[in-house]
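Laid out below as structure tokens are two forms of one and the same protein chain, each shown alone and named structure 1 and structure 2.
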Structure 1
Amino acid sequence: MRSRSETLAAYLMLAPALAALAIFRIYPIAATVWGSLCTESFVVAGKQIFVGAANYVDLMKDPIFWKTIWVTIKLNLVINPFQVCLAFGLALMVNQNFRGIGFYRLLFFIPIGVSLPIACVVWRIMLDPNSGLIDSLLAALRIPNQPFLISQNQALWCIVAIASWKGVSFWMIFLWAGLQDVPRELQEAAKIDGAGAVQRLLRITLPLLKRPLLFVLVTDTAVNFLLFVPMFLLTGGGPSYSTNVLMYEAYKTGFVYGEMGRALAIVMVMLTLVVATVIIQFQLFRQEQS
């Protein structure tokens, strides 16, 4: 029943969205690959000169770039498993049913409406080493003042904490939806067979939650590899490059120093890292299945 008018109508209806996706999503990806092999001309504004792998070679020679890669990897090795575990815990919590659960669900939802820049502004003041709320709460527990964001050793972990405060509620939603698809009868049957809560969690819930868990892990990884706002607002990549991640380095290179080609080369390295990590994650999940 395929008719010509139907085909024509379909293409016309798709045209605006597909054209926009092609221009604003697909073309920029191609432009990243090409632009990373070019440098901008000083003579003619906006004109690109092909320089081959020069941008990449320059990057490889730069010790700060290697430090940036290491910081990005360190951050992601910690933040992604951390957030997925927390989100899973929260999902188990909101999936319970008792009087008053609606109120708690509302509380757990709050950070979804709070943007990352807001979270950063508020947390910076709370973490202020001179007069911050957190240090004074610690003082009440007789713990000495901490430098937090101005310390080389603590800044990155403060960013992990802030980004997780904002992020875990969002990932919780997916895992919660996954939990609702776990058949109740299965749980009941295992209970009758004498399986404890922990056993039921490990043997029934977790295996059935594999797909949403993998989805959350992969998407969360893509988000965190591109984490930018806390470094921009709170640390400027410092102290002494301890929070200088690839996305922030790319932004600085492109828009502060005006070296677009080099910035795009950094983006390419970053995207390669993301893809490699995601492939590893898929492999890990598949292995567990067999």
Structure 2
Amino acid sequence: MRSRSETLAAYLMLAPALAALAIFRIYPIAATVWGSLCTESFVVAGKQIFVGAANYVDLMKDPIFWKTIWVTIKLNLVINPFQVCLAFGLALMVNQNFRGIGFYRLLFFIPIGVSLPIACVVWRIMLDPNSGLIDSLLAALRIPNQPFLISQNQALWCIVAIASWKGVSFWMIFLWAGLQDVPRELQEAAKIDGAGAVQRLLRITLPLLKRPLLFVLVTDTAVNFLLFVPMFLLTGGGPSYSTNVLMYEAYKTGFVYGEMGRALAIVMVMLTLVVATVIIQFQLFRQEQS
């Protein structure tokens, strides 16, 4: 059995990590939960008044809030599998050895070095319906000019394209690292046995890459639920709330309209959706493993 001095020494060594966990993880969550149950006093600035579930009840009655939830879910249903599949395809490509592969690897890594705000500004110029590069290319192909970011039907998919251009290369790195751990001996043995490229991919590569894929999917989901910059810089949640996701709605509610309690309630709803989605992803992964 461990002596008291060993136990105390262990706690002392863990104390900095536990303190950091409490300060940077537990306290912000607890403060968010409490703040979502309060409202700000207009009489005494900074004073919180406990109102219970009133903020949540108001949200449930707000049709714009429900539309925002639907936009957030629709965005994540599309962007998460799209980014993971594209990142996996690029990882398979950069994992090959052929002449000029160094140039392609450099080309795919360029978006990582560009910050998201700068990427949004560049893409806004390119998607300008009057003088943008994309519409100029479409005109050369005799395709009519497209409204892109000012279209209710196209704006969200433009956000998907911009966020994917920026994020896919980053997720590709993790999958590429996972591919490096796939034993080449297995690939060569399967090739000798007559297995084609698709069979090797489905029976060897994917089963051995499940953990990196799960990590990328879960992390990508969390990141995209918090996607904010493109909406802030490009669309303002519009047109007609077509890009108004929960994170941007929380920002507007708290810092534009000054309803911090309601904004924190939106954050709690978003956190619940993220946790539920991640749990479902882990459960599906476990079922495939069993």
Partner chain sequence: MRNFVLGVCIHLLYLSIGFLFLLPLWWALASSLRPIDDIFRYVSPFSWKAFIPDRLTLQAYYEIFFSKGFGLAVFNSLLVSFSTVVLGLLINSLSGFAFGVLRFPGRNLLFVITVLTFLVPFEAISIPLYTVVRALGWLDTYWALIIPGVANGIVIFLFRQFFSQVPRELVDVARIDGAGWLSIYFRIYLPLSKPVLVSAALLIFLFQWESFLWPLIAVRSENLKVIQVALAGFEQRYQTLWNELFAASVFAALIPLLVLLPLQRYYVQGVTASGFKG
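Heads up, when I say rigid core I mean the largest set of C-alphas that superpose within 1.5 Å between the two forms. In this text the structure is predicted, and so the values were computed from the model without any measurement. Residue 1 is the first residue of structure 1, and the numbers go on in sequence order from there.
- Matching the description of the form predicted together with its partner chain is structure 1; structure 2 comes from elsewhere.
- Superposition on the rigid core between structure 1 and structure 2 places the CA atom of Ile26 2 Å or more away from its counterpart.
- Core-superposed comparison between structure 1 and structure 2: the Cα of Ala10 travels 2 Å or more.
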